[in-house]
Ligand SMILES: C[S@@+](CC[C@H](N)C(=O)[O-])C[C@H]1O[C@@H](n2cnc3c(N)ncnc32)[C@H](O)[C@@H]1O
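Just the one chain here, laid out as structure tokens, in the form predicted on its own.
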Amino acid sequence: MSIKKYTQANREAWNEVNGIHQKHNPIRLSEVFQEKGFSTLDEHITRTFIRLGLQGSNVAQLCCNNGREVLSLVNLGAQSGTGFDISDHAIEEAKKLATISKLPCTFVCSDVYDIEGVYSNQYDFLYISIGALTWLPDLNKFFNIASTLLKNDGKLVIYEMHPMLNMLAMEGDPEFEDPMKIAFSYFKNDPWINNTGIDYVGNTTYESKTNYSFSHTLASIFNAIIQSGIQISEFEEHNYDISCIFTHLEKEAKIPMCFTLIGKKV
């Protein structure tokens, strides 16, 4: 399949699930974002952005979903924020939250592979967070576009699920035997195909639009970033889960569950 066929199928799946997420979200975002300084970001990534110089910066996020993290970054001190996402419904929600909160944020509905050149060289920070990379069939093309969005010396910040978790089956999967048993190859190069929904908020299943996700090794992530003209300056692995899928493995403390990567456009 072509990149466009994958991303269009995923767009339909994300449009389908957004209303389900709104229904199950225990936090009323339309209320909490009226509070000065409210943020959905955890302590680690908050400290990271502040240490890197968030105050007064222009930030962007690719695969921003409903914009909650962009709004959070502006609430924490960024001058302005821009979020890009393929889901029409998620961007509609993000725009409503921006209006309600009166924060200087702009949200753009676009396939990340089709972002227009008007946004090039605009941002001090580019943020990619949990669950973004798995939906991307072509990392090289993605990070080339990401690099064009950054100003010279602009920083890339990634806070993502560790690729090692893609080797484990989840309870309920046909391959599941033991939470720590390797079920899938780290080097899996064909897409995951799913029709049981992507409701990670309410953890419900439903007969969903077909969607496609992809496993990426750390090497493929690093190489795509480096080849885009971004220099990796920091990389840290963590033993806690930010995916809300493998929290039950945190007590094992045996494998990396997420990572932080910092890079600079050179």
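Owing to the predicted nature of the structure, the values given are computational and were not obtained by experimental measurement. Residue numbers here begin at 1 and follow the sequence given.
We do not show the form predicted in complex with the named molecule, though everything after this point is about it.
**Q** Given that the named molecule is left out here, which of 78, 86, 94, 150 has a heavy atom within 4.5 Å of it in the predicted bound form?
**A** Exactly one residue meets the criterion: 86.
**Q** Does residue 7 reach the named molecule in the predicted bound form, with heavy atoms at most 4.5 Å apart?
**A** Taking the distances in the predicted bound form, the answer for residue 7 is yes, it comes within 4.5 Å of the named molecule.
**Q** Does at least one non-hydrogen atom of residue 138 fall within 4.5 angstroms of the named molecule in the predicted bound form?
**A** Outside the cut-off, so no.
**Q** Is it the case that residue 131, even though its partner is missing from this view, gets within 4.5 Å of the named molecule in the predicted bound form, heavy atoms only?
**A** Looking in the predicted bound form, residue contacts with the named molecule include residue 131, since a heavy atom lies within 4.5 Å.
**Q** Going by a heavy atom distance of 4.5 Å, is residue 158 a contact of the named molecule in the predicted bound form?
**A** Answer no; every heavy atom of residue 158 is more than 4.5 Å from the named molecule in the predicted bound form.
**Q** Could you tell me which stretch in 97-105, 122-130, 182-190, 168-176 has residues with non-hydrogen atoms within 4.5 Å of the named molecule in the predicted bound form?
**A** Contact-bearing stretch, as computed: 122-130.
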